[in-house]
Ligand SMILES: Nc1ncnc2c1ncn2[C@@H]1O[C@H](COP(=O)(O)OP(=O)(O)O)[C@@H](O)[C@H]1O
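Starting off, we have a lone chain in the form predicted on its own, written out as structure tokens.
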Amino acid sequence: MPEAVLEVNDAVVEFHVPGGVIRAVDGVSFQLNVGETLAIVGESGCGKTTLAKAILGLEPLKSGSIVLRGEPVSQNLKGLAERVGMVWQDPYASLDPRWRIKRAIEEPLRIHHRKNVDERLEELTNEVGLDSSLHNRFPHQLSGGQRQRVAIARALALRPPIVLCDEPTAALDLSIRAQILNLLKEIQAKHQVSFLYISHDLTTVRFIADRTIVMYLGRIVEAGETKQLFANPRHPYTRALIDSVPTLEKIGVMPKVLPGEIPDPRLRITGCRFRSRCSNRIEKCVTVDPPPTSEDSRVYFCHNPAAKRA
């Protein structure tokens, strides 16, 4: 059995807003294994970033639990930085513009009173492909790719077993994206670190992730091995996402737009929450919440799944 480094059990996160309550994360459960990359995908508003904040202890859970290496997040926020590293979407916004690169990378080491800080600094910068001559520069003096390498070095400083990546390549040029993704793979192979990779860019997900979770309106609608999920998506929402990915064969062809509207998240939804946009909906979808269906190495939540591809 794979060893779990992160376990999310029936996690619920709610926000009180004018006119009601939004359940941004609604009963999400999964586990991340040692040395694995698990991607969480879905359009804006699906709850993936809120889930990431809950894992970091930045959003309290209404119910459920999040366990890191056998210890609930809610019981030990002080030691969380040693268990989870974080790489944010915008490398310029995530670095203090007044700090030199050396200070940005060293900060976690000094806060946690680690020894041999200078030696560890050299090790980290070499590992992420930065020259030591950049130590005394400010973030604005680096390229976007260099800044993201600094952010990765800082995330790895305390050797956490998990690194959470929230759209880590979204603000980078295409050529730089490939370099950063290859760097993450090299780091994982060397240190067996686990990555929780949050993105709406399915092209990068297909390249880097071992398993993928698809979320819609706060819930998981499909999850499984990335290769299988992309080759034969079973949930209609997963298929719509994958079909919208641009390829050479689709040049000049606009992707199909999902019909209908996203329901008001403040309303309590009965039945399938995707039914208002689903061309596969049947009468049962209106009243009955889809139970999980296991198939091969994946699970999906749908009464009338998309047909298997040949």
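From 1 onward, residues are counted along the sequence shown. Note that the coordinates shown come from a computational prediction; the quantities given were computed from them, not determined experimentally.
Only in words, not in the display: the form predicted together with this ligand, which the text now covers.
In terms of contact with this ligand in the predicted complex, the residue from 35, 64, 265, 271 that brings a heavy atom within 4.5 Å is 265. Think of it this way: in the predicted complex, this ligand has a heavy atom of just one of 241, 46, 278, 55 within 4.5 Å, and the residue is 46.
The closest non-hydrogen atom of residue 302 lies beyond 4.5 Å of this ligand in the predicted complex. With a 4.5 Å cutoff on heavy atoms, residue 22 counts as touching this ligand in the predicted complex. For the chain shown alone, residue 286 is not a contact residue for this ligand in the predicted complex, no non-hydrogen atom being within 4.5 angstroms.
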